[in-house]
Every structure is written in C-alpha cells, then in structure tokens.
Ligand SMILES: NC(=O)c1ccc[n+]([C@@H]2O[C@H](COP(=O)([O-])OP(=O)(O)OC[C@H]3O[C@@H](n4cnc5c(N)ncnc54)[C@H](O)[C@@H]3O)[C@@H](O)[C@H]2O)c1
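Quick heads-up: it's one chain on its own, the form predicted alone, in structure tokens.
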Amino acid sequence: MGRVEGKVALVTGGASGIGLSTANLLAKEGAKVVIADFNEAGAKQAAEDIKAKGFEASSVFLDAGQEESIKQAVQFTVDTYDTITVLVNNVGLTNLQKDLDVVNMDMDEWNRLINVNLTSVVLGSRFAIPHMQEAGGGAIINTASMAAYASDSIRTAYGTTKAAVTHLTRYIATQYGKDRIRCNGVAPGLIMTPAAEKNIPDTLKDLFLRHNALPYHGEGDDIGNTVLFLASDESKFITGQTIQVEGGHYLANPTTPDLNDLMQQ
C-alpha cells in the first residue's frame, strides 16, 4: 500500500480493460484517480466501485478524438484534486475491417487512428505538462503496443501510430526531464481482458500461447502493475523507455515452436 500515495492520476480509456486495471491499482496504492472515457456511464461506475473500496476516484467524459475534450479532462482533474502528477495515455483504437494493408486500407480510418491513437497522446501531454511543472514533476505513461515493433498483414494504421507513440515518449522524456517529468511507455502483447476473453476465439488464443515463451496469457493487471511501477518513485531513474509486456511472444525465432515439434518426432 502507498506506492503512489499523494499522487493525482488521470487515466484515459479507464472504464474497461487495461485502463480499468490500471485505475484500480493506482487507487489501491494511494493515488487519487480520475477515470476518463467515452463510455461515460462505465467510467462513472468504475469510479464508484473504487470509492466503495475506500479509495479515491472520480470520472469524466472523454472523446479522445477531440482536442477540447482532452483539455477539459485534464482541467477537471486539476479542478477536482488541485493538480495532476500522473497521466496515463491509454486510449487506442483499431478496426480490422478497415485498417488493412497499405493498398486496401480505408484512408479515413488511417486519419482517425492518427488522431485518436497518436494526437490524443500529444494533446494529453501538452495540457498536463504545465501542471506537472508547477507541481515540481510528474510521470507520463503511454500505452503503445507490440504492433509498434512487429509488422503484420493488416492493422497498418494501428501499428504505425503505436510506433510513433514509442518515439513520442522519447521526445517528451528528453524535453521535460529537467523539470522532473518522466515519460515512459508500456507495449502490451495479447492481454486477456474480459473483452478479449469473450471475443477472441480459442483457436487464436491457442496460437498466441504456442508462440509465447511463457505458458500462459497476460492479464490486465500485468499491464496495470507495470504502469503502477512507472508512475511510482520506484522508477525515478527510468525515462524514455517503453517496456514490452508480452510474455516473450516476440522473443524467439518465429520458427521455434515448429522446430521444437520436429525435434520431438
């Protein structure tokens, strides 16, 4: 208990999945948490659930595709808790029917994902940093993705925006480090959030598991705990890094599982 005691955290996309795990863990460890989400009812319920456990949380509507909405979410945090010292930029979208290969992808989807997945990170940081400077420091944690490091046959826009997030993380860390503001990222692999557990077919889950170095899937708290570490003073000498939390899925030569099968024949 108390790893982020006294800190004020804004978690975007905090009503479900990784964001919800993050918000719960930050609150449990002493932070005052604002949950911002397009799902306004879900964000409100998440905040109520946290308060029912004896911790501090509030909620605010967020449309991550709109600059004014992002600005208002940051200002709500400051108005409610006097400052903001932790920002978790966690919003990310993709559409597998539109975000295809370069020739066939929908260009409107390309522009939408740049706006929501990348520009929202710029804007959230842009609006939060002056308050962190005034507070004497802070921590920004950006949710990237392993799609930033490994290409695919589809999801061109998603992977490209997440790769940009990893480099933006370095820029923020470089530009504001002297103000005691750290900026790091987390790159999840396949994480079994409740939505993923429900919607991903077992055959696909098994395929990922076959290629993981570890014999199990990741869970929301695996990402949340990484964010908690990066938000805490335990990581006070870490900045500009993106931690890959993916169970070793991308660690080995991709033929390794097949070679292991051949060797056992």
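None of these values were measured; they are calculated from a predicted model. Numbers for residues come from their place in the sequence shown, where the first is 1.
This protein has a second form, the form predicted together with this ligand, left out of what is shown; the following refers to that one.
Taking a 4.5 Å heavy atom cutoff to this ligand in the predicted bound form, the contact residue among V34, A64, V227, A31 is A64.
Here the marked residues T85, G137 and S232 all miss this ligand in the predicted bound form; none has a heavy atom within 4.5 angstroms. Of the candidate stretches 209-217, 23-31, 233-241, 55-63, only 55-63 has residues with heavy atoms within 4.5 Å of this ligand in the predicted bound form. In the predicted bound form, this ligand lies farther than 4.5 Å from every heavy atom of V74. Residue contact with this ligand in the predicted bound form: Y176 places no heavy atom within 4.5 Å of it. Although the partner is absent here, G189 sits close enough that one of its heavy atoms falls within 4.5 Å of this ligand in the predicted bound form. This ligand in the predicted bound form is approached by N39, whose closest heavy atom lies within 4.5 angstroms of it.
For the partner-free chain shown, T143, A144, S145, Y158 of 137-158 come within 4.5 angstroms of this ligand in the predicted bound form, judged by any non-hydrogen atom.
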